[in-house]
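So this first bit is one chain, no partners, the form predicted on its own, shown in structure tokens.
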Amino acid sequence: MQIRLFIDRDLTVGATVPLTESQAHYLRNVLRAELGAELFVFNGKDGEFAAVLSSLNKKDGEIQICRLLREQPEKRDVRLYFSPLKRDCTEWVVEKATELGVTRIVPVITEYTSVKHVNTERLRLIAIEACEQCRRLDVPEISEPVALKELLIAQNDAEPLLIHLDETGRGQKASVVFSGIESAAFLVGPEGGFSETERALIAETPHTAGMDLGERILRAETAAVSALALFMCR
């Protein structure tokens, strides 16, 4: 079994790196790892390294960094702005968006958003676990919630194209919207959609585009992951 861990410290060949209490617990009590076990570690900036478990106690441990396996790749600026859903659905969106390579995730509060409180620290832990599982080498930024109006005010030509998922049928096809762009920000509304006032505000915002995902009305979490998959798998 391959063990991958995100280590929030600088990583260099030959370094001895301490484990957190939760990592020590995971290795000792969940994986039953033994001293000398090989691990694969990353920190989101220095690449991926092979390491060995050099000590392990109830509350701490250490690993020895042995060799560099993969250089850190360049990031694509792909963002997800989405209205928070019920906890399980929100966590699922964060997990899948991380697997698909999103670099920034921002909860957006709209008129019809039913869930206003977001535990961003828990979402970060979910993103880290997803990175460990899918062999991703960087962890997406999880931002604190922002009001839709504030998000739109900050939008300009220097930002990635803001693509809002338009369930009214007036949006363009993905192939048209994606033409010629390498970075993007996807805006996904709540289960009740955007209000008419919000639609008008989005339409007035520069550097935005509406995208149609087809004739069926998708759940918010399905729409978010579908749009990201279309963009990242081109």
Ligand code: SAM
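Residues carry their position along the shown sequence, with the first being 1. In this text the structure is predicted, and so the values were computed from the model without any measurement.
The following text describes the form predicted together with S-adenosylmethionine (SAM), which does not appear among the structures shown.
Stretch-level contact check against S-adenosylmethionine (SAM) in the predicted bound form with heavy atoms at 4.5 Å: of 187 to 195, 41 to 49, 23 to 31, 60 to 68, the positive one is 187 to 195. Although the partner is absent from the chain shown here, E167, L213 and A223 each have a heavy atom within 4.5 Å of S-adenosylmethionine (SAM) in the predicted bound form. Within 4.5 Å of some heavy atom of S-adenosylmethionine (SAM) in the predicted bound form lies at least one heavy atom of L218.
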